[in-house]
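As structure tokens, one chain now follows by itself in the form predicted on its own.
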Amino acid sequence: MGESFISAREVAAGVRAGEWTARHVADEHLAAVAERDGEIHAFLHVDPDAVRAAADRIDAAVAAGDDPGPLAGVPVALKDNLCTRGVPTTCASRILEGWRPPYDATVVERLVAAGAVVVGKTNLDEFAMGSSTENSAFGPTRNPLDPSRVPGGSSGGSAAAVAAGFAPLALGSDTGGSIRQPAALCGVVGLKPTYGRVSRHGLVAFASSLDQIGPFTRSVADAALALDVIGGHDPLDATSSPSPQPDHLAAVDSGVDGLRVGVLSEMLDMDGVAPEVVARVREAAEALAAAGAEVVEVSVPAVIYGLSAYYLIAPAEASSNLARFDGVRYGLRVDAPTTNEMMVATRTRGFGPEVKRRIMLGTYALSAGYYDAFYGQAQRVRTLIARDFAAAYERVDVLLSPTSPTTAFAFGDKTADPLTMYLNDVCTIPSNLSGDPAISVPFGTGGDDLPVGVQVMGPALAETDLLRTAAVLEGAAP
């Protein structure tokens, strides 16, 4: 095998055919982690013995004549806000340091059932709150393409793990762009499925009406395969979509002939979107037109309010969700004379500054005198955004936009001013508010030779259209 940048599909095909063993694949990827993760810090937890034992089980199944599944022997990295039974799950926060869940998230169960081998748990912005993975309580992750720059966030560890060749597949969560933005900055594919397409059972909640789990891969076909494995209804998640899943992998090669593509004009004119990023989006539109798509400019007027609405709704839901970390049931406990003082002391020491900032923002937005003016108003704006997208999708099948306003930025560039950091999510947030799917695919580079991601968005449950569009862009990428 020899090549650490092999695709998930190639790994699985080789293991299933007996061309190489899952143990060999695991050893190669563990060697890559040992060699370079000291610098990159993509992982918070790796247990090499457990990885090899899992690989040996796959090899035993193959030797017995059984098919281990579509991800046979594929190394997978998991964002550390996905529960893994008996394995530390910290959300990159001191308040959960050392906590070992008593169960696996549904997506973890489905990956393992498909033959995947979990390599480890990846670093993130604490409780998935951030756009650079600089907010981790356990230190930042570096961008494998340029270690002086951030990998994006909040799923920066998962994006970096795939970009560095530590695993051909990783899972992240996307609440306002936390899969797509780091995928763009690290030059990999990142897919946020439709809200409800993938079960959230076992994902530690940030903002429950926005969170969605999805894959990072080095190819669009691998992303489709991953979605086929982790997607589908789950009775343990009340918001899980009952719609039957199509065969996403089969749709990847169907091309874009006759597909209607809209270039989202508001996102090309937004403040802070670099000219080189706009140029790549225009080139992507031309590539789709050359492949037979019908390309037009489309306006979705309400998207310009997405950032404002998101930074009221998400913190409000976070302030409610994070109330469970109280020092009583699990995780950190700082003793104090009374229960109330114990909770205050625990949260003061356990939560980092960005998490505290968002809890306070959310609690304020939900408070009695301000609820209607802030949270209620933000929900009305959310409805407007969903309506504007729905109107656009009556005219076109998919929309094209930048993923991130810029290429990867240097450490410390945006940490002093939270608002400039929040602006990184301006192109990705609208899809979370509407609940629609979106994918970031690498398409050329900026002036600094760092990758630019182009975003393809579509209506609910239209992942097949997104994937076939992304596959054409992947083939045409400069």
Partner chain sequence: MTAPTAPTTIDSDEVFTVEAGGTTFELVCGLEVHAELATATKMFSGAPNRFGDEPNTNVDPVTLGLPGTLPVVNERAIELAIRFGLAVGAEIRPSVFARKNYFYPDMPKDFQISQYDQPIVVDGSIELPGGHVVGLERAHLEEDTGKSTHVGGDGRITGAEYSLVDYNRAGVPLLEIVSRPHVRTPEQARQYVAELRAVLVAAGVSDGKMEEGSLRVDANVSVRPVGTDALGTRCEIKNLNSLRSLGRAIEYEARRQADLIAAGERVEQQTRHWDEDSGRTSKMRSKEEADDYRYFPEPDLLPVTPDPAWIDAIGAALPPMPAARRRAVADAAGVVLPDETVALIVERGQDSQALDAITAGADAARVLVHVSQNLAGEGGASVAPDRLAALIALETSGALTATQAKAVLAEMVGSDATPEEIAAAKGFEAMDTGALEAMVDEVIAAHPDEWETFRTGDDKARGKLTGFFVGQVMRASRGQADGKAVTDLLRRRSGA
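Residue numbers count along the first chain shown, from 1. Given the structure is predicted, the values throughout are model-derived calculations rather than measurements.
Form predicted together with its partner chain: not shown, discussed below.
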Segment assignment from 177 to 185, 138 to 146, 316 to 324, 222 to 230: heavy atom within 4.5 Å of its partner chain in the model of the complex:
316 to 324
Using the partner position in the model of the complex, report whether residue 405 sits within 4.5 Å of its partner chain, counting heavy atoms only.
no
Any non-hydrogen atom of residue 391 within 4.5 angstroms of its partner chain in the model of the complex:
no
In the model of the complex, residue 260 touching its partner chain (heavy atom, 4.5 Å)
no
Indicate whether its partner chain has at least one heavy atom within 4.5 Å of a heavy atom of residue 339 in the model of the complex.
yes
Students should find that, of 296, 328, 113, 289, the residue having a non-hydrogen atom no more than 4.5 angstroms from its partner chain in the model of the complex is 328
Only hit among 200, 218, 280, 248 for heavy atom within 4.5 Å of its partner chain in the model of the complex is 200
Any residue of 362 to 385 that, in the model of the complex, places a heavy atom within 4.5 Å of its partner chain
363, 366, 367, 368, 371, 372, 375
